[in-house]
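Take a look at this single chain in structure tokens; it is the form predicted on its own.
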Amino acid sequence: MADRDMAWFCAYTPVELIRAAGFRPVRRFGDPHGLEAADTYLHPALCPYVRACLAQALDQAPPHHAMFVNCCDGMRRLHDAWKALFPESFAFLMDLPRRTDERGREALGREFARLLGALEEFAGRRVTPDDLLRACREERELQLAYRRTVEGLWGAARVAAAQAAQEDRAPAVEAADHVSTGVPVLLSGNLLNPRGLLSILERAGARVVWADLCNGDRPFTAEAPVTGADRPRILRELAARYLERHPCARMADGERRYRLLVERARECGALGVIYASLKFCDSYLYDFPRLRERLRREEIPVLRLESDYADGHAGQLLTRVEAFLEMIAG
């Protein structure tokens, strides 16, 4: 990592604050094929994304500056291991409220202020309101560039472009990955490997028209720009923008999440929903029965799949996916 790179892992990470403090926010996606390297420090029955990120860090030279969000037990364990293994680097754990109402926005604004104070102390400089607004504009321009890039783009290529934007790289389209035909479906879940399960969906004949993933379209759903005359107002408004996004299954407002998913499926012309999540993710395991019931009432078919991130077994799912697509295509 470069000296000014700051790794992050959760889509609720306020990258604007990292950028305003003079660091380069770079989302890490880990090494899906090297999970065993992390097993000395993390239990094997833990989120494979978390283990993949630690495995990748163990193979990289310092510094290992990183920003964590207290969104699940796996992320807390990653933070604990990170601080023990890389004590010379910056590591901060930010709380994330589950509520998205006014009380949630106030709580998240206070956490943003706490994080900004820690970044200023580590960087040895004061962040001004102008620094914050500039960083917010840069992030918004990156989000708008992503939206322009993925117009007419589906599936693995769409998710790869989202990952590139989160890695602070220009979203690029690999023509070989671009699938323009197939049965339109909406993909919902936590985080998936674009080279793993997503490629199997495309082999089966699916065309993923919307990727409701934290490494897909979900982080790019905030609409309004951030404004404000002073630092507290800017932080409160930035907190509101993060909580206005399409929520993940970890957040409390499940009804809003289901309504947005149904609206998005109809808007995109999806004939069904493929619900795929990483192993050992309690939030998505508990979420699925309620979402399945909501989709049943809306007469939207759904298929449940599970990923171990490397997805070496994904070929075994091909027949199930093909049968589902044949059913919904009529």
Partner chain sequence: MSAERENGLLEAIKERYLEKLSPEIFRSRLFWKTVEGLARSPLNRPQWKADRVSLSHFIRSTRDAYLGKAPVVWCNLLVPSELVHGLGCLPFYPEMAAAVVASAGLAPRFIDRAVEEEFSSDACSYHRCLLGCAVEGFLPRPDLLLSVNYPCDSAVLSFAFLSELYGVPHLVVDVPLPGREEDLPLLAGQLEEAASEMARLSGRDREGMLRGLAESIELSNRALSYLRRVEEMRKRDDCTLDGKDAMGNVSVLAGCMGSEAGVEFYRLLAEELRERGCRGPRSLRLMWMHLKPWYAQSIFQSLERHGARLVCEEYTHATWEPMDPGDPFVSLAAKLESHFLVGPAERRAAHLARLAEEYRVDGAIHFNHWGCRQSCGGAPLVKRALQEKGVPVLIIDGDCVDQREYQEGQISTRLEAFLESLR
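Source: prediction; values computed, not measured. Positions refer to the first chain, counted from 1.
The form predicted together with its partner chain exists for this protein as well; it is not shown, and the discussion that follows is about that form.
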Picking from Gly182, Pro97, Gly196, Gly228, the single residue whose non-hydrogen atoms come within 4.5 angstroms of its partner chain in the predicted bound form is Pro97
In the predicted bound form, which of the listed residues (Arg203, Arg218, Lys83, Arg207) lies with a heavy atom within 4.5 Å of its partner chain? Lys83
Would Asp282 count as a contact of its partner chain in the predicted bound form, using a 4.5 angstroms cut-off between non-hydrogen atoms? yes
Thr40 near its partner chain in the predicted bound form, any heavy atom under 4.5 Å? yes
Any non-hydrogen atom of Ala45 within 4.5 angstroms of its partner chain in the predicted bound form: yes
Counting only non-hydrogen atoms and a 4.5 angstroms cut-off, does Phe288 reach its partner chain in the predicted bound form? yes
If you check in the predicted bound form, do Asn70, His79 and Arg114 all have a non-hydrogen atom within 4.5 Å of its partner chain? yes
Candidate stretches 182 to 190, 132 to 140, 151 to 159, 71 to 79 - the one whose heavy atoms come within 4.5 Å of its partner chain in the predicted bound form: 71 to 79
Quick one: which residues from 196 to 234 get a non-hydrogen atom within 4.5 Å of its partner chain in the predicted bound form? none
